[in-house]
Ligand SMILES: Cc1cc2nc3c(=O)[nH]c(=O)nc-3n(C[C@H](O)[C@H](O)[C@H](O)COP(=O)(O)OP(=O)(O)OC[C@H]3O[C@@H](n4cnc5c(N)ncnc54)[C@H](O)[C@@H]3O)c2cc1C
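The data below hold one chain only, encoded as structure tokens and taken in the form predicted on its own.
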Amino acid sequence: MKSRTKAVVIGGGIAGCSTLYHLTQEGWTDVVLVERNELTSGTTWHSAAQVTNFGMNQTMVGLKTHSINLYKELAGDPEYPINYHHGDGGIRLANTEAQLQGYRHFTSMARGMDVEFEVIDAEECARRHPLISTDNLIGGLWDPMDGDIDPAQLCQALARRARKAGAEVYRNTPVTGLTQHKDDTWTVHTEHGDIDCDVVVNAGGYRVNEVGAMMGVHHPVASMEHQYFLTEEIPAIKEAGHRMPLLRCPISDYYCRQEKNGLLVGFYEQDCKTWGMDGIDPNFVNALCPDDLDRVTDVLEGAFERMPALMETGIHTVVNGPITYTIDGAPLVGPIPGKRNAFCIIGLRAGLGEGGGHGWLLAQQIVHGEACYDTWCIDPRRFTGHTNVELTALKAIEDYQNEFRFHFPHEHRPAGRPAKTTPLTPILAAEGAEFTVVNGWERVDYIKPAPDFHHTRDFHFDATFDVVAAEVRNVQENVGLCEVNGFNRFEITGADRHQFLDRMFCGNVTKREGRVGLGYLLNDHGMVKGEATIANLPASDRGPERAWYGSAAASEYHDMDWLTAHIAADEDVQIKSLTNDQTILVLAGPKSRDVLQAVSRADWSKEAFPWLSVRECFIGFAPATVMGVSFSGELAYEIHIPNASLYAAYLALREAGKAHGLQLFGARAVDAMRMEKGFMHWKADLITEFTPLETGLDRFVKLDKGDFIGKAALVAQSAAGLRKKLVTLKINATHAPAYGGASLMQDDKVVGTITSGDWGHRVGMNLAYAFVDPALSEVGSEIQLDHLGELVSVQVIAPSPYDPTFALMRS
């Protein structure tokens, strides 16, 4: 066994085998996989092994397409062919128009990844799958590439190719410990000796947290028992003359696919069961849980109604085995938060179907620092400290119960809430707040006009349209108050903090005390990594001279890892997180200065406190740090308050606001207003697939400054020309906003992709941002949007249609 290698992958299921193979494809051939038993002896061996192209976003569709193409290649390898039923087709059923709206959107989104889905009616569903009934059915989504694969053969094929490229696989080699050294390299301790390596990868399947504990981390992954059975032979299948399409049914929570001349039928019962919560038997290898068909009786009845042939056949085999879920159902693939040179590929509940793509994206991140797609939707750092075992289990149960039900816009399911709150949460609830969730935080979405008011779960504008419009109107005419909790806030101190920040940002970063600036961070490839404000605070009784770094609520772990990884050994820089200690109250509108002046002894005139200023003060008697910044486009102030004083500051502002028409507003109003101002959201409009020049951030890029991270790559990209350009669009439709991922078309070709959209209430336009071909980025360009199944005309308009000179923010 080797004693030194570049990377050690722990786990021999689909996750580990795919990662090992793809590392060799990316140029790392001196790599090792260690497996405690035999390859595929965990969840992989009993997988139903369905291979669909369906995904909830373009990254997921892209990685699944890679899986399909790879599996087709492996299946056709004459030296080691594998069983892959490719292109049987698959149907996701629907019994509501809202579900079909979602399928139409996903069809538009997939088209941008060169994947063609089809929305079909109930009769066509039955024609393509003659075993199903059309009762309580209105249609479905057809995936022509759907199929299934032999899991053991797949993993052996990947391992075989990895070995041929130079990798080594050590079976029956349990890992007993992990040690990280001062230079961030690792030693993997096994029962057969130690292996020193640069990088370690946790691909531990349902033993993920046994491996995690060895490096002092906990991953938000829980296992669920999952049952399926194989039927006896069904004559109609044998007589059909073709393989039956796969079926996924959100109506009755089951799926099925052909297995020989019978069916494999799996269940996502509501009376589901977690597994391994109190530890896993070391001898649980190639093993199953006890059968428990009584638990799936209700789901089975629905399956009988949909497929009457099931009532006329026997059960041949029952399989009940553990599968892993994360806290939001999507895998964790990427860097492990708080660790260097440590990665994971875990929580792959659909591992066989997606695993080829997951290993591909992870190998790119390990070798090159970034993948070809923005991988935030599967990044392990998208969750922070609230993801304990109990919360993870509750969310895993909820995701299991809703396996085939996608999330509708603005849908936040109830399990595990409220995970994070502030002293104002119950106060705002009493005011009628409807809450959205941001990284676990309960944040006001809008204020309900009546206690029994509820929004509609579909893709169209609904009754909340007028509610949000009223909130925006009051901000525009008077003054509004909004709590922004969970906003990421780091305090950066040390004599070298300015030179450090100057190196991190692609533009100039203000060094002046009492001033605030906005900037962008790039990765080593010159692509947009992050967005942050920098506020410079003088020394006071609250701390030394320091810079406050502010960024999106979900970016806490992501940004901390990126910043700390780039502090030079000889730099005097310290970074401390204040994210969970402070909360922002946003005061916005033309009368916001009057309210602020009424609660603070400081001078808040335009001359004394101009736009982009910062100062420490008191709101009433609550200590506060106030910044003159705006995400709404109106005169506005961010008031940062320690949580212990938050309620006191809130009461003072509410009381002072009575004379000026102050009303509460929420996140939906904020989103609508930021669209009108050309302000972007991190990981919606700001992604690692594009440079700041392609993203329209030219004014924040200073190529003539000293060196900064990503500068050389950005210069090279600039010389090569723009590949896409972010533009603002006016959508010629009033029934629904544009949704991220939807495709823009011209002459039946995809020419762009929507990143985000919303109605601009102050300008009276349906607005969207999109990356489009540069030739179509000029103002006035006409394009068509594949909008929930209809082609709708759109026009490129100038950015910031509301107050384009930014006069109101400076007033």
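Quick caveat: nothing in here was measured; it's all calculated off a predicted structure. The numbering used is simple: start at 1 and walk along the sequence shown.
The protein also exists as the form predicted together with the ligand; that form is not presented, and the subsequent description refers to it.
If we take heavy atoms and a 4.5 Å cut-off, which stretch out of 750-758, 35-43, 767-775, 781-789 is in contact with the ligand in the predicted complex? Single hit among the candidates: 35-43.
Residue contact check: Ser108 to the ligand in the predicted complex, 4.5 Å heavy atom: The answer is no: Ser108 has no heavy atom within 4.5 Å of the ligand.
Does the 4.5 Å heavy atom contact test between Ser743 and the ligand in the predicted complex come out positive? Result no; Ser743 lies far from the ligand in the predicted complex.
Classify Thr173 as contacting or not contacting the ligand in the predicted complex by the rule of any non-hydrogen atom within 4.5 angstroms, answering yes or no. Flag for Thr173 set to yes.
Contact label in the predicted complex: His226 to the ligand, heavy atom within 4.5 Å: Judged by the heavy-atom cut-off of 4.5 Å, His226 is in contact with the ligand in the predicted complex.
With the ligand left out of view, choose which of Gly710, Gly351, Gly530, Pro220 has a non-hydrogen atom within 4.5 angstroms of it in the predicted complex. Selected residue: Gly351.
Tell me, out of Val727, Ile323, Ala303, Ile641, which residue has a non-hydrogen atom within 4.5 angstroms of the ligand in the predicted complex. Of the candidates Val727, Ile323, Ala303, Ile641, Ile323 is the one lying within 4.5 Å of the ligand in the predicted complex.
At a 4.5 angstroms cut-off on non-hydrogen atoms, which residues of 1-23 are near the ligand in the predicted complex? List them in order. The stretch touches the partner through Ile10, Gly11, Gly12, Gly13, Ile14, Ala15, Gly16.
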